[in-house]
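Just the one chain here, the form predicted on its own, laid out as structure tokens.
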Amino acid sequence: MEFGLSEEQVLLQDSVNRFLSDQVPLDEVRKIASGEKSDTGIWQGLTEQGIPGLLIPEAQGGVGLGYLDTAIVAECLGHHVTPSPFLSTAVIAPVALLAAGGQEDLLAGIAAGNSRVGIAFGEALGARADAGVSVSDGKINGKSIFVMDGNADHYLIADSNQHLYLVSANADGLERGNLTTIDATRSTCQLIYNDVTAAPISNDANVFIQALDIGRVMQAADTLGAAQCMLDQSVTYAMQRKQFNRVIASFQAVKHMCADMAANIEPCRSFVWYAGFALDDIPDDRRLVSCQVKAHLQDVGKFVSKVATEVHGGMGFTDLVGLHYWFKRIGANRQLLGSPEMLREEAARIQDLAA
């Protein structure tokens, strides 16, 4: 039995990587991260590749692929530190909308690249500072912070009961403000609600949990791609950088650093693939595997980003090399949708290993 990607999945991976190599060079990432450009052009290009509709059925104009296929694409996007609303618009929003039923026009708009949906799940995971939302009589009040996608057309909002609501970005009473995080490749914002009309999407917590679990697996895949790219850059740099008339790749200490990164990354690939497979075919494992794979990948990503920067020495901190974009992407992924510590506690509770 072959335990690996199918021929079609390898072709999908190659196709996405070729597009990103051509259309998302580091200079383009710099322009978007600095605010000189928006990510609209890249998202349009990804739309032409069918990326927003990966999980949307063909009946709504999507591609109708599975979660493992989507994880493969997420890994490619992380490898190229691609600025895009992929996690919110192409993953979490479609999963929630499909699980809840209805909203076919919005799903069709997402698949066509005409609609972007941001995600405000902070309240359901644990509100911070003075943030928090309340919904009464179809109106939402309060504030959400660390909302995915500051350029979205709609926002999917979860309250403390894990009920989901949809709000238009142009709704009366909604204030959208910038919120800067370390990861400048993906936009984040805060939303302030003053009697904003909120369309109920689901009052079933299982819909929220399903979307959250799948989002976590895709984040793990994104981190895997980013970590692999940092390793690849480290090896290339070590083969070129000379000290004492020798490339530093010939030094035993540098060899060990690169080997340690490779040894940590390689098992993660099969872990992410299994997680994608479990989402598709082993629903009873979804919750546990999604917690475990994100927690583990974030720890590995943290290790790789640190060691890769050390291999580059002082150059690792410069914008000329640009390694910091991957470093910060991994750092942001570590906290978004749950830190490793939070996820391991969830996993323990799922297995009745914690009170």
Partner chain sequence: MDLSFGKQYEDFRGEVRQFVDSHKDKQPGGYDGAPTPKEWQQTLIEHGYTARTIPKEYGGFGAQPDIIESRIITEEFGRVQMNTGLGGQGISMLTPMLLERGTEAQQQEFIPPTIRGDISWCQGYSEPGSGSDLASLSTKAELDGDEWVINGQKIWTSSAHIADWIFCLVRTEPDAQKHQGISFLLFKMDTPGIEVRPLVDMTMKANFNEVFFTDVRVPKDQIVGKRGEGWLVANSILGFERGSLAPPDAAQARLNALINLMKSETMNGQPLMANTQFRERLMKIQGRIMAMNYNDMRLLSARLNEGQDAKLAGMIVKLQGTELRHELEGLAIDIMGEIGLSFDDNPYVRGDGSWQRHYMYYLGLIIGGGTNKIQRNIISERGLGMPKEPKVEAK
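On a predicted model such as this, the values are computed, not experimentally measured, just so you know. Residue numbers count along the first chain shown, from 1.
Just so it is clear, the following notes concern the form predicted in complex with its partner chain, a form of the same protein that is not shown.
The single contact residue among 305, 298, 292, 60, judged by any heavy atom lying within 4.5 Å of its partner chain in the predicted complex, is 292.
Checked against its partner chain in the predicted complex, the candidates 204, 105, 172, 260 yield a single residue with a heavy atom inside 4.5 Å, and that residue is 260. When contacts are judged by a 4.5 Å heavy atom cut-off, residue 255 counts as touching its partner chain in the predicted complex. Interface residue remark: residue 321 is not counted as part of the site for its partner chain in the predicted complex, having no heavy atom within 4.5 Å. Residue 288 belongs to the set of residues with a heavy atom inside 4.5 Å of its partner chain in the predicted complex. Its partner chain is not shown here, but in the predicted complex it comes within 4.5 Å of a heavy atom of residue 235. The stretch that touches its partner chain in the predicted complex, counting heavy atoms within 4.5 Å, is 261-269, out of 75-83, 182-190, 114-122, 261-269.
The partner is not shown here, but in the predicted complex the stretch 232-250 reaches within 4.5 angstroms of its partner chain through a heavy atom at 235, 238, 239, 246, 247, 249, 250.
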